[in-house]
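As structure tokens, one chain now follows by itself in the form predicted on its own.
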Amino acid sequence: MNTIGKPISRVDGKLKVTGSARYSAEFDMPGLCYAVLVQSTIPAGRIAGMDDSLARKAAGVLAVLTPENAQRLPGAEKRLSLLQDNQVYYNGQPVAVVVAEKLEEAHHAASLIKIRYSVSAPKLDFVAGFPSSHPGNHNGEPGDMSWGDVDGALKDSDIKIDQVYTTPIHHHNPMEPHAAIAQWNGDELTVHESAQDISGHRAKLAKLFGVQESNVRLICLFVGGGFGCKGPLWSHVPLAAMAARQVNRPVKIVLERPQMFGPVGARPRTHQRLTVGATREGKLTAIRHEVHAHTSVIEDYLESSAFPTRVMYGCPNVSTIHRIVDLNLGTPTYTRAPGVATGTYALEVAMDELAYKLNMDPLQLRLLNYTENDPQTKLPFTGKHLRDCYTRAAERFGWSNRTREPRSMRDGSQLIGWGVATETYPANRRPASALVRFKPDGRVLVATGTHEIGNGIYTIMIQTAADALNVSPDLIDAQLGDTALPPAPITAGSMTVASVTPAIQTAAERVRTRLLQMAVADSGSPVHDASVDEVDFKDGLIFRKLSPNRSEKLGDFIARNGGQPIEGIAHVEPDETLKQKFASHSFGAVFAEVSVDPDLGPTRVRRVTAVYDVGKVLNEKTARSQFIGGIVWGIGLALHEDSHMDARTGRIVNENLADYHVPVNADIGEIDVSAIDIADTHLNPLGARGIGEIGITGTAAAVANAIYHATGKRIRDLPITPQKLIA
């Protein structure tokens, strides 16, 4: 059918724009009741006493769960706040749950609970915690890694840059807050949850409650944004299940916007020192990238900001060091392009600073240090066409028209600046399973337990099956978001497409082969006694290739053979030897133009041009949407986002969308995105890599570099606000 790559509109688009798409909080069932969380108001200490007597007597209240009466869950992760003890580790930690007939009744009762605390001295000073910081790892990869003689090379370098770059805490703020509805039927638990990892959450819930994994079912048909925060299992989900078991009714918990700031993760604060050495000609001689990032006192999470430095440029001497600082804040977590977004910001601004010190074009500096192989492993990449990205993006942007000197470009009273940065993100895939089924009505079902998180995967599933089966996409239905379906991995790390589509393709090939084998063996079929190679299937018809008129409708064939669906199931795993042969990353080049008011400091990103090398693009329209979304996130990283913590209480004080600034339509200028579109068949058969995160990775640096070019003022502490520019 050749639908792969075509700009097919989202098959779920109509459901979303008409309000028909059912998100996790929108399911109703008999006896549904409501729960709200009661949160701590101190950052460290313990609950000395809790008076919930008035709450229990309040109208409509069904239960009040506290550390005194909550179900014991041996082996619960310390990261989860499940009322297992009286300890308080951060401000906003869940310390009680109120269940009532109505949401308003639950809120009222929760306000009646009186809590006394024994307060301990909290750890809230990030920089003061540096001396007691400790190493960490990220998904099993060590935080510290070096090669060559960095100290010696820096000492001998002709030119050096040594600067500190910082990024603040960021909160995800998806449009849909976290939500869960839990219902027990004996020892069987069903949960509707807004999640990026239904299979992973299923396994954890089964372990927590001591039931068979087959007794737990998670359903999530649509995710209204997640950006990483809906990847881990957070406290509200098992708390909903605990409450549902206690009242023996389905229980719904929906977090309010302020509750999204604390108990469900955030991007950690980072302090990054970059020391870069080079020859007078611009060849890199050494890079040292030292990162401090905060974590919680209850779990180690590493923001792997120096990881991009291991892959971006050819440099013989590199040291990447990570240290994590324990603070009395909620546990950080993956935030869109975790580590890579903050790390490429620091590295790419440092490269810009080096270019100015060398009096060299920043693009030329990057080309001079281009590498075809992974600098860390020395392995070739599964595919790398970054040089083509630089060339195309520079031409489309008009980079050759840039004047080098800061403050040399103007539009009326506005200072104009142009900046460039390199983008990258690891290319990964994990095992996945899928089902493809020919149904008696002539339609085809493609199903897998993945997640629709705005990534367009419903549509990609249909396109993949359509091409494998030679069937029109209009005849195919997609199902996902249910652990009753064949399992798929977490939708994170830009790996959904790379993981799921090979399983769909294999399942489709299997069911097609089975169908044709059945047809040639069926004495009533017009293709009887032909070889499988002589028979084809297209748009609901089985026919002989040399005699297309000798055909039969699929529905008629299935009806004659018992009326049962014909299906194929596949479980596909990546080739584990690939990592010994290749490194696999996506790359891109991003250029930004900004205007800055020289008197008051407001900055506007007027346009962004970016070109990506992400393997085969499976859907031109949804890919464009993903790229644009990432770029908007990068603009937010550069100019807007900043979670302000009260240094006394550990509370985020701008815990709402009025005070926590994210980019809106008025903040975004022209965005020109495209992809090289060369298949990476080493990674998977379709040659596709994930694209959800790469757009953010270099954008913040491109904007920051453009601001320096416009103003001559280098701001190294994000976000770059008007106050910093006029200070």
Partner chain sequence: MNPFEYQQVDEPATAVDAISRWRGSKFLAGGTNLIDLMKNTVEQPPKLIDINHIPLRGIEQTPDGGVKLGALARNSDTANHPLIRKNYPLLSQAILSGASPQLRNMATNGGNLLQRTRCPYFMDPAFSRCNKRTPGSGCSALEGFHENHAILGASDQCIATHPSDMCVALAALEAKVRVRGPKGERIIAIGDFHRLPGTTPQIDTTLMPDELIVSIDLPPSPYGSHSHYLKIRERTSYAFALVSVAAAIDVDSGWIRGARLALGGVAHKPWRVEAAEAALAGQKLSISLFEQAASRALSGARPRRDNTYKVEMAKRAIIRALTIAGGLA
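Computed from a predicted model, the values in this text were never measured in an experiment. Residue numbers count along the first chain shown, from 1.
Below: the form predicted in complex with the partner chain, not depicted.
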property	result
Residue stretch of 120-128, 511-519, 368-376, 105-113 approaching the partner chain in the model of the complex, non-hydrogen atom distance within 4.5 Å	105-113
Full three-residue contact with the partner chain in the model of the complex, heavy atom 4.5 Å, for 598, 655 and 662	yes
Listed residue that, although the partner chain is not shown, lies within 4.5 Å of it in the model of the complex (heavy atoms), from 85, 441, 405, 646	646
Contact of residue 681 with the partner chain in the model of the complex (heavy atom, 4.5 Å)	no
4.5 angstroms heavy atom contact with the partner chain in the model of the complex for residue 674	no
Contact test in the model of the complex: residue 316 vs the partner chain, heavy atoms, 4.5 Å	no
Contact flag, residue 5 vs the partner chain in the model of the complex, heavy atom cut 4.5 Å	no
Contacts with the partner chain in the model of the complex, stretch 710-727 (heavy atom within 4.5 Å)	721, 722, 723, 726
